[in-house]
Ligand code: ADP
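One chain comes next, on its own, written out as structure tokens in the form predicted on its own.
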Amino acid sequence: MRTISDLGPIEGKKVIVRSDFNVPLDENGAITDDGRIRAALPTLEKLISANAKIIILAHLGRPKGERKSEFSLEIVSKKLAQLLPNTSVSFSPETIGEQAIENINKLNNGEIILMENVRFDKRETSKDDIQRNELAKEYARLGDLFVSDGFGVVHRKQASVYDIAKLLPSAAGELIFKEVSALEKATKNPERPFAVILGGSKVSDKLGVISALLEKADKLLICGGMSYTFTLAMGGEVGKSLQEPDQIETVKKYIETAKKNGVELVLPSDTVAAFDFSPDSESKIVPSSEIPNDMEGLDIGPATAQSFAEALKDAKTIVWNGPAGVFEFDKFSTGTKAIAKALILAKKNGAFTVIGGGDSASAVRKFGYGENDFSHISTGGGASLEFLEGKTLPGLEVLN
């Protein structure tokens, strides 16, 4: 991939940077995890030092082509200004057009302007190449060069990620290089034993990655909502827990493939089951295959947490994508926290540990753990999954 250095002298140039500022917000619209904004700083600081004029394109949420105030990036511009106190950071309510260009023309060297949410325009995520290209041409009018630095969106063909890179001299930012280097180290030729922990809600969301990992990993640990379909496939009872009966036959094949390939498949043996999906619901620990009909699993139990820790003890490479339970509820965050602690210990013992973005990254930050506790915390949940699966990511391919 081309680097920023490959763009030549950039002093005074207007550099468009595609960042991923899709941060989680609470019910009052406040940012609850600024990890993705902080991850963008190395690239921005490099461009500031080079005296470029920096124009940031980004998205927040899924406004589906409509201008919605709750998805405005103005709150992100304020956070970015706090993180870069010595840099002028302004906000443009317009993303494209003459007013946007007028706002950009006020920039001095080394200053930043964050444009409004690119997803307020339905062409940004259109499946129609012509529509996306029309919008990308509007973006290209804003600057001279393009730097792609939003790893969380490189698995998508979107106007501000893929199409614009064809129209302007383009390069990958510091974050993209960091992400690709870490994920390649973890997957191309991992030091073994290579263990992968997959959690989250649905098996159907991770069919491809499970198939791929059954050919690569030495150990595959399954948790979260997706584990209940595995339990069903093995003849267990899961009560009201998340489940996908239409995936049972597929899961049975996965179990057979794991045996055939010598992959150690570790499934939950006990579950923290609750009567309701609520933070304070009455709960009890039950065998994972015997969840009562009026209860649902919301976390792995202590025996499972222990078996996961044992399985990870000798691993030299560990990738974790997806929480073990409903970590957003403190009462049901114990299992996810136990996995985080197991990875921290593994790193101290010399393992290369990767948090695969998304909810896993949000969870470890919620627990107060930082970047130094793990070898790498990815900013892209879906992108890191597709990378693990071995798919071609359009936003990376276009930079080659």
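Start at 1 and count along the sequence shown; that's the residue number. Note that the coordinates shown come from a computational prediction; the quantities given were computed from them, not determined experimentally. Note that the rigid core is defined as the largest set of C-alphas that superpose within 1.5 Å between two forms.
Although it is not shown, the form predicted in complex with this ligand is what the next lines describe.
*Asks:* Would residue 151 sit within 4.5 Å of this ligand in the predicted complex, counting heavy atoms only?
*Replies:* Taking the distances in the predicted complex, the answer for residue 151 is no, it never comes within 4.5 Å of this ligand.
*Asks:* Taking 4.5 angstroms as the cut-off for heavy atoms, does residue 225 touch this ligand in the predicted complex?
*Replies:* Judged by the heavy-atom cut-off of 4.5 Å, residue 225 is in contact with this ligand in the predicted complex.
*Asks:* Given that the partner is absent here, does residue 360 sit within 4.5 Å of this ligand in the predicted complex, heavy atoms only?
*Replies:* Looking in the predicted complex, residue contacts with this ligand include residue 360, since a heavy atom lies within 4.5 Å.
*Asks:* Report yes if any heavy atom of residue 335 sits within 4.5 Å of a heavy atom of this ligand in the predicted complex; otherwise report no.
*Replies:* Answer no; every heavy atom of residue 335 is more than 4.5 Å from this ligand in the predicted complex.
*Asks:* When this ligand is placed as it is in the predicted complex, which of 90 to 98, 129 to 137, 294 to 302, 278 to 286 ends up with heavy atoms within 4.5 Å of it?
*Replies:* So the stretch in question is 294 to 302.
*Asks:* Just one of 311, 258, 75, 242 has a heavy atom within 4.5 Å of this ligand in the predicted complex. Which one?
*Replies:* It is 242 that has a heavy atom within 4.5 Å of the partner.
*Asks:* Which residue among 143, 200, 190, 173 has a heavy atom within 4.5 angstroms of this ligand in the predicted complex?
*Replies:* By the 4.5 Å criterion, the partner-contacting residue is 200.
*Asks:* Going through 319 to 334, which residues have a heavy atom within 4.5 Å of this ligand in the predicted complex? Please give them in sequence order.
*Replies:* Stretch hits, in order: 321, 322, 323, 324, 325, 326, 327, 328.
*Asks:* With both forms fit on the core, has residue 295 moved 2 Å or more by CA between the shown form and the other one?
*Replies:* Shift at residue 295: 2 Å or more after core fit.
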